[in-house]
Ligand code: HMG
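Okay, here we've got a single chain as structure tokens, the form predicted alone, with questions on binding and movement later.
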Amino acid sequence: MTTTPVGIHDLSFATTHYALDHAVLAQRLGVDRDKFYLGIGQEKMSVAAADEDIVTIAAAAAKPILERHGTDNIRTVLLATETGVDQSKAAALYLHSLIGLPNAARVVELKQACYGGTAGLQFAAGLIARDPSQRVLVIAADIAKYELDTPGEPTQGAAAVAMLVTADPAILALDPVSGLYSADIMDFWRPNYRTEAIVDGKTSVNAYQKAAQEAWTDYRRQGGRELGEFAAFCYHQPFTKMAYKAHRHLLESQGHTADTDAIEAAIGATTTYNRTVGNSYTASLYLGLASLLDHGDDLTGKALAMISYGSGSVAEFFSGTVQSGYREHLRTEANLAAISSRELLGYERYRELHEATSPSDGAYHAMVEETRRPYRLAAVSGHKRIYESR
């Protein structure tokens, strides 16, 4: 019996109105900018305007997909985030009035640190395997925020990636095999009473590398491909140098020589967008995929490795095959425009945005109109968030 392939049929990326150059942050901290440009591989970070949040950037990411494909047979909408706007209501529900999602659909928000987008993708694949006529909209959207003047501050960022998951996909067909690993580790977490995450940097790096290795081992145990079969490796990128560290560790753990040029060839093209957007948590891995598809050599028929990690922790190693004609479905120009059109911030305005708090008194609060993106948070009134399209 022939199994219908399932995977990513379309992929769209969005980010915020503002960006901060790491040279500005380096000057403020009195360090050489190469500590960031080269040391962690980050040059800019996306910063949300006062009237932006994960809902507005998620809607902006999903909009082009719905404009191209419509909403017929989208019976499930999954939004993965670890920076949700409500403890009960799924952030994806706000998208209905903004982008015309169908009412006859299940709408769910998923959370497991940076792994949530992969959970959404795999849940979508399972639903479509059961009913190939259905299409699932998966959106990963996050705004990474750390305390000022801490080691995590240079790794902040924001982005959303929307994926239309279908049978007979046009871009990437997923392999049925996955390697999994979970462990209860306190490397990164954010209690309900905090707006910034708590990070144990050394523990997190070590946990990431161990989890990636263990997920790979399980992937092979389940009958997955060999390392040499992959044309490229897409890693979750809390900062782009982490992808290099993780790939080197994986190669060495399997007895392979970690040649610098070979590592660059395997993952270099995946880091272009993340280098200037920063950490986008659940969206990071898929922003890396978009970057690879937009900047890599022809990948038609090639196998890609996908390594997803979410602190706390859950990891998954999975793979897929790039489809013939995939370049006709990419959004390279739009992706580059989303990045290049950001307005660069001075340090003081960046700090004001960082330190701003959400209204919590139930009164009417109109949000300052700043963003030129398609959607904005217009007001908070009676503890309700009010969005509008532009």
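These numbers were taken from a predicted model, which means no experiment stands behind them. Start at 1 with the first residue shown and count on from there.
The same protein also exists as the form predicted together with this ligand; that form is not shown, yet it is the one meant from here on.
- This ligand in the predicted bound form is not approached by A356, whose heavy atoms all lie more than 4.5 angstroms from it.
- Among residues of the shown chain, E352 is not one whose heavy atoms approach this ligand to within 4.5 Å in the predicted bound form.
- By the criterion of a heavy atom within 4.5 Å, G268 is excluded from the residues contacting this ligand in the predicted bound form.
- In the predicted bound form, this ligand stays beyond 4.5 Å of every heavy atom belonging to L287.
- Exactly one of the stretches 293 to 301, 258 to 266, 273 to 281, 129 to 137 approaches this ligand in the predicted bound form with heavy atoms within 4.5 Å, and it is 273 to 281.
- For the residues I171, V107, A113, I143, the 4.5 Å heavy atom test against this ligand in the predicted bound form is passed only by A113.
- For the options T166, S311, T240, T118, the one in contact with this ligand in the predicted bound form, meaning a heavy atom within 4.5 Å, is S311.
- Heavy atoms closer than or equal to 4.5 Å to this ligand in the predicted bound form belong, across 136 to 159, to the residues Y146, P151, G152, T155, ordered by sequence position.
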